[in-house]
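Just the one chain here, the form predicted on its own, laid out as structure tokens.
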């Protein structure tokens, strides 16, 4: 009797099969997560979905400026951000200039210590400010005011810039998390190209808003509840509104006390939101660069593929007023949307920065919001946004839309576009 032997697969083939099965399983698991699916998408170049609603169709400039804008501000305060804290004032404690020149002899650097005072309850919060000026320009020039993720000593990495007290995050690149942060979000998420900014004729001011209100749900809520204890809970400002008020007071201070000719508020992501809010509530701010501001910023709250009201209020409950979370499951019931926030800035220039792979921040919704504001800009004799598709970057437009390849962050392509926009608008 003869027997036959069944040949078994070589071990390396069996291992490869198990590895392929594992890859398929991991890929399937990733695709089952909505956030991961969105991160793998690319924004279409042509605006999709419905136009921004409610439709803006103002016909009378006096009615718009004296009645409609007041109503819109009340809606944003009541339903999204909490009240704009008119009780806040800014006090300058001291200022000094670092000796010498910096950034290849292109700039001087001033250090200021400032205090925010709630005049209703006398509560105070202190923070640092770094002002960088072109070396040959003590005259009245525009200044870009920047709220940053990283502390001032990271944003302006020179000896003499003080490190804030009790910070929980450092972008110096010394640790693994800092390196990961810079790898994913770009080197300009920390330090902008300051020499280039100086050569274009702009000053630059850096502030770390976490010194005022910590950017964490627990610590942030504690500070907000204490500092704004004169507010009813339903009206208390969220962190975004508090940071926007800080932006607003800084803008006034830099123009009226330090003599800068114009102030442009700039921020990325959450601080893009605060830049827009600040300009909407302070007509003296001269322009806005809001980069990838997303939900609660320039992106429409309705009909969106990316971050929803539910996502953002669950992840960052300290950012908003107490009523915004009520719309987490019913965004269509919101009585206001983000194109109306942009409309409050008209006729001043706005740049909305975006990235093709940042669908979470919804470039499509930001573009439709910008389109929806055109009737208000036209009321002032401006065309607003002339772009027909997302890639049409027109820095001369009062509402200019910038999109590049890549993901969420600030990279080398971004700042040349920002400065081209400012040159077109301010020079």
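Numbering follows the first chain given and starts at 1. Because the structure is a prediction, the values reported are computed rather than measured.
Just so it is clear, the following notes concern the form predicted in complex with a small molecule, a form of the same protein that is not shown.
Comparing 117 to 125, 245 to 253, 267 to 275, 340 to 348 against the small molecule in the predicted bound form, the single stretch with non-hydrogen atoms within 4.5 angstroms of it is 267 to 275. Though the small molecule is absent from this view, in the predicted bound form it lies within 4.5 Å of a heavy atom of just one residue from 319, 227, 324, 260, which is 319. Note on the partner interface in the predicted bound form: the residue among 307, 286, 87, 170 having a heavy atom within 4.5 angstroms of the small molecule is 307.
Taking non-hydrogen atoms only, residue 202 never approaches the small molecule to within 4.5 angstroms in the predicted bound form. Residue contact check for residue 149: one or more of its heavy atoms lie within 4.5 Å of the small molecule in the predicted bound form. The small molecule is not drawn, but in the predicted bound form it has a heavy atom within 4.5 Å of residue 408. When contacts are judged by a 4.5 Å heavy atom cut-off, residue 360 counts as touching the small molecule in the predicted bound form.
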